[in-house]
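The chain below stands alone and is given as structure tokens, in the form predicted on its own.
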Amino acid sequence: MDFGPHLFVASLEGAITAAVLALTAVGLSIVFGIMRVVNVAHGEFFMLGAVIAWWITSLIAGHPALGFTVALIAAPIIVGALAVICNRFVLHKINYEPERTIVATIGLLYVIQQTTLMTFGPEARPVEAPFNKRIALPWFEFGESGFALTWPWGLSTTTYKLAVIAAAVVILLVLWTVMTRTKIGLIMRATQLDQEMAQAYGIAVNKVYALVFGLGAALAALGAVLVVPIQQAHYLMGDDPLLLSFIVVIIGGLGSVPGTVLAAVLIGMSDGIISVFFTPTLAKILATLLVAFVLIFKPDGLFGKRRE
């Protein structure tokens, strides 16, 4: 395959990474932006989404689409409910103090990870995609007669991979609409801007925090359910999403949803392309270097706003 088509396939893989990363990182960004909590356990909520998806699909017989649809709805709800419980009995008890929440979420990370290992086991488990038809992709080549549409051998993808990208875009648009056009979104933004003033106007800040923490975990779980038919569910799969999500949130600007999405596209695309042409390790190294440059030249991130 020529370089052009090869780059196109690599870009498509990068788009899938970017789509899932955007969902995961936006959840982390919302939690930090509203609650000022650095959730180190965010990757384990991602992992739980994948593990629960495998568990649900293994219980439901019949067409793979049936079990996957149930998992797509149930896994984020279960993980979000677990996050609300963790917020109530852990973060709320330590009054959301920044230093203590970091230590507390590190503890949650190990508790969730080791509990999953003991119950789920160390093996990686596959989840069958609800549909997975392979389709050939066209490519434009320039010849003596001008541009021509060709179908190079090996230039293909699956319908499910394209569906993952489309689903992530729809979910992010729905989330953006909720955050900017609804009363719930207004309450969340008011709490983010001034917690004390929000309380003075009768907003139950603790309930908002519980909702936000659950929403962040549910978004991570949703991204995991979407990607688990492409990857496999295992108890250590939360490490890379956590690292990349932190990188994305720092580059995009802490608490900035648009910045997070833009940074997710940048990091996800570069990670996918570099991983195909070189190695995944090099992609992580370059992403970390990019974070260093952002912190040096624009400490608040691309879209971050300095807090007084």
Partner chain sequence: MLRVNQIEVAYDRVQVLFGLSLSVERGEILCLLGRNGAGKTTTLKSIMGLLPLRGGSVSFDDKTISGLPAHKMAAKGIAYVPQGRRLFSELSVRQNIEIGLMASGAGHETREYALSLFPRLRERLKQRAETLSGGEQQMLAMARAICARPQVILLDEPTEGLQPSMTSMIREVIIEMKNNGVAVVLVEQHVDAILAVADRVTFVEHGVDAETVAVSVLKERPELVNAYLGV
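Remember, it's a predicted structure, so these values are computed and weren't measured experimentally. Residue numbers count along the first chain shown, from 1.
The same protein has a further form, the form predicted in complex with its partner chain, not shown here; the description that follows concerns it.
Undergrad: Is His92 close enough to its partner chain in the model of the complex to count, meaning some heavy atom within 4.5 Å?
TA: His92: no, not in contact with its partner chain in the model of the complex.
Undergrad: Hey, in the model of the complex, does Arg88 get a heavy atom within 4.5 angstroms of its partner chain?
TA: No.
Undergrad: Test of understanding: in the model of the complex, would Ile171 fall inside 4.5 Å of its partner chain by heavy atoms?
TA: It does not: once its partner chain is placed as it appears in the model of the complex, Ile171 has no heavy atom within 4.5 Å of it.
Undergrad: Please determine whether Thr177 contacts its partner chain in the model of the complex, using a 4.5 Å cut-off between heavy atoms.
TA: The answer is no: Thr177 has no heavy atom within 4.5 Å of its partner chain.
Undergrad: Only one of Leu137, Leu162, Leu211, Ala198 gets a heavy atom within 4.5 Å of its partner chain in the model of the complex. Which one?
TA: Contact check passes for Ala198.
Undergrad: For the chain seen here without its partner, which of 163-171, 72-80, 200-208, 215-223 has a heavy atom within 4.5 Å of its partner chain in the model of the complex?
TA: Selected range: 200-208.
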